[in-house]
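In the structure tokens that follow, the same protein chain appears in two forms, which are kept apart as structure 1 and structure 2.
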Structure 1
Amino acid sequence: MSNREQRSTTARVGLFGGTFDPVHFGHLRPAVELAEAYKLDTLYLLPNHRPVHRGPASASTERRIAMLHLAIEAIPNLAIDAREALRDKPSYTFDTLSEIRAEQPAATLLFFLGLDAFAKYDTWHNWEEILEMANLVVVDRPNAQHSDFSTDLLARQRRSVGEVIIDGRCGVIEQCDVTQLEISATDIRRRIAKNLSVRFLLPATVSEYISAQSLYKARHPSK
């Protein structure tokens, strides 16, 4: 069987983890581009339940997932994997990828993370073991910088520059250029708390939901 035939019969599972508090175009535009670049039938957005590397989310897990549903409605190639929401414990990527690896032993797993997150990847639970189960794709993000650790790790694990289609089961790290949108959920929450517009930073359906549920208001933080 040729490499090309092998590639077409091996499932390629793409996962983009995050808090999505709320989801915005800085997540969605890269997700669409990554699904295309890595030839994924589906890229799963993977909302965490209890984030490990930051304080608790402002909006509840249920509301963050509701916003994700509104955001990806009718967008081909994007879906939600809500498994971390169902685990009432800290959301470790290692646990999630172990589950998916057990479900799909032969699949090529691609875990996408922003450069800001990858710069601190050495603080992730079992980060070396994650690389024994999955490949990482580091997504460029405005103003994000590599750390010494992430520069070294990328140099060790990346394949030749320009080879953008990962087809091995695990262990490769690539950095991928996407349209740079300087949008963050923190900035969106701040604007809403100050009663400023968030138009064109996130889908209109999501901002309508935020208004209807009175999320991120300074005096009435959501539960």
Structure 2
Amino acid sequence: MSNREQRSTTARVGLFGGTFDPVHFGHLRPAVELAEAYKLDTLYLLPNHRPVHRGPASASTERRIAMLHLAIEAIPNLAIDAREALRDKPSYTFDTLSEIRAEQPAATLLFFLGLDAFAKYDTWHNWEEILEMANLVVVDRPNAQHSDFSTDLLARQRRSVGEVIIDGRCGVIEQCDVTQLEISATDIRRRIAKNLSVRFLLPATVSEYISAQSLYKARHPSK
């Protein structure tokens, strides 16, 4: 089999992590664009259980996963991988990628992260080994800037492999632009706590679920 034929039959798998508390259009629109731009067979949304760099989520793991299922049920190429959410310990990207690489040894793995996260990439657990298993796609974020480390890492990567496309190799780092919707899960939770509308910020099915489950309501609502 030629290299070209091998690339055409190799699965292209994307991984898009987040707390999704709750999932909203600011998550979903970029996910759809990334799946299209990188011709992914599947883009997995990876809800985490105990984020290493953040505090605990407001909604339970089970409810955040339920909201994700509602949000993507009619969106082709998007799926959910709940392995991080089901770990009762801090979630490390290295552990997740190690498991997925073992399950899909021939797949081209693309891990998507925001520029704000990439600027702190040197603080990630086993960050160098991550590049031996997957490619990184850095998604530009409003007001986010490179750190000295991330600028140097990009420069070193380009000196090493040049301007290449992600075609099955590991260790490629790319930057990309997607439609940025300035929607915040924090703001959605605040609006719900104050009984304000969240219409057009997240899917109607998710909004209905939040209402039915009485999620994000203020514990001591003002009179």
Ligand code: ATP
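We call the rigid core the largest set of C-alpha positions that still match within 1.5 Å between the two forms. Every residue number counts along structure 1's sequence, beginning with 1. Quantities reported herein were computed from a predicted structural model and do not represent experimental measurements.
Enquirer: Just verifying the output here: the form predicted alone should be either structure 1 or structure 2. Which one is it?
Expert: Structure 2 is the one predicted alone.
Enquirer: Does superposing the core leave E99 with a CA shift of 2 Å or more between structure 1 and structure 2?
Expert: Not so; E99 is displaced by less than 2 Å.
Enquirer: Under a superposition restricted to the rigid core, does L153 display a Cα displacement of 2 angstroms or more between structure 1 and structure 2?
Expert: Indeed, L153 is displaced by 2 Å or more.
Enquirer: I want to check A144: does it shift between structure 1 and structure 2 by 2 Å or more at the Cα, with the core superposed?
Expert: Where the cores coincide, A144 still shows a C-alpha shift between structure 1 and structure 2 that is 2 Å or more.
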